[in-house]
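One chain is shown next in structure tokens, namely the form predicted alone.
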């Protein structure tokens, strides 16, 4: 009976496995195959070119720029989101009137699609009629074309992405804080520990699983950032704000080089996989066993 019961339970996995194979495994394998071709994305014919796309990739200055930007978007967004998320969580873990409303306000941007958020922010930062430039003009100052300056545009993308998804980090940290037994804090206070001592030696070590989860989620999200960049700059000026994800779209549709775009996509996937596994391994060693 137990074997029959397990067999019946295993049948419920079949639809999920089929969907995973059809929509994840098969496209991924097709992407690998296309990365060794010169397919333009539209033609019915293609030619295998071996490692030519990958050799070109490592020699392409635009790929180098996109790679650096990808790391900036991933690392900087993760740092900002985790610092702000932890600060919000520590504040909102205190029992005060209206904290539910504050939590909701901080989390609300997460519910907005990144593409829509990008278009909303575009109307703040655009040169003609942008809200920020209207304020500068009203104050008698010169308007600034922030999205044409690559450094400023990258900073704007990082800040907007961080603010939008800081609510995810906040929720994870709140859950982690509420799972820390009060007796640890009571014992620390009896020993005369200050707030900073309790934070450093009790809160942070016991929050390590939450820190790990939040860091990985935010890091992966930042490394594959796409929608926000397309809405704010479309990768411009030139190729200066492209990430690897947006560069794939540019090479596929604008340059009509689907084989090369596939190679960039595969490298992007491997980069995210390696970085996320390294970070996960690091935090696994830092976790504290409370059993």
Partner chain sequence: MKNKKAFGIWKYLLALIIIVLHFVPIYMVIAITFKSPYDHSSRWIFPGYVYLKNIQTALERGGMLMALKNTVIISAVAILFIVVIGAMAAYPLARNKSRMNHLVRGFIMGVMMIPPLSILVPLYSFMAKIGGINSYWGIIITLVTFQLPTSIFLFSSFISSIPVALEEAAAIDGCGPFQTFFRIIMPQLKPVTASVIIITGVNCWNNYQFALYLLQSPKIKTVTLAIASFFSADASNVNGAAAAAFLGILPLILVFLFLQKYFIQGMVDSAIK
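Quick caveat: nothing in here was measured; it's all calculated off a predicted structure. Positions refer to the first chain, counted from 1.
A second form of this protein, the form predicted together with its partner chain, is not displayed here; the remarks below concern that form.
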4.5 Å heavy atom contact, residue 166 to its partner chain in the predicted bound form: yes
Would you please decide whether residue 73 lies within 4.5 angstroms of its partner chain in the predicted bound form, comparing each non-hydrogen atom pair? no
Taking heavy atoms only, is residue 221 within 4.5 angstroms of its partner chain in the predicted bound form? no
Would residue 230 count as touching its partner chain in the predicted bound form under a 4.5 Å heavy atom rule? yes
Using heavy atoms only and a 4.5 Å cut-off, decide whether all three of 88, 111 and 120 touch its partner chain in the predicted bound form. yes
Contact with its partner chain in the predicted bound form, heavy atom within 4.5 Å, among 115, 137, 187, 155 goes to 115
Can you name the residues of 73 to 97 that have a non-hydrogen atom within 4.5 angstroms of its partner chain in the predicted bound form? 88, 91, 94, 95, 96, 97
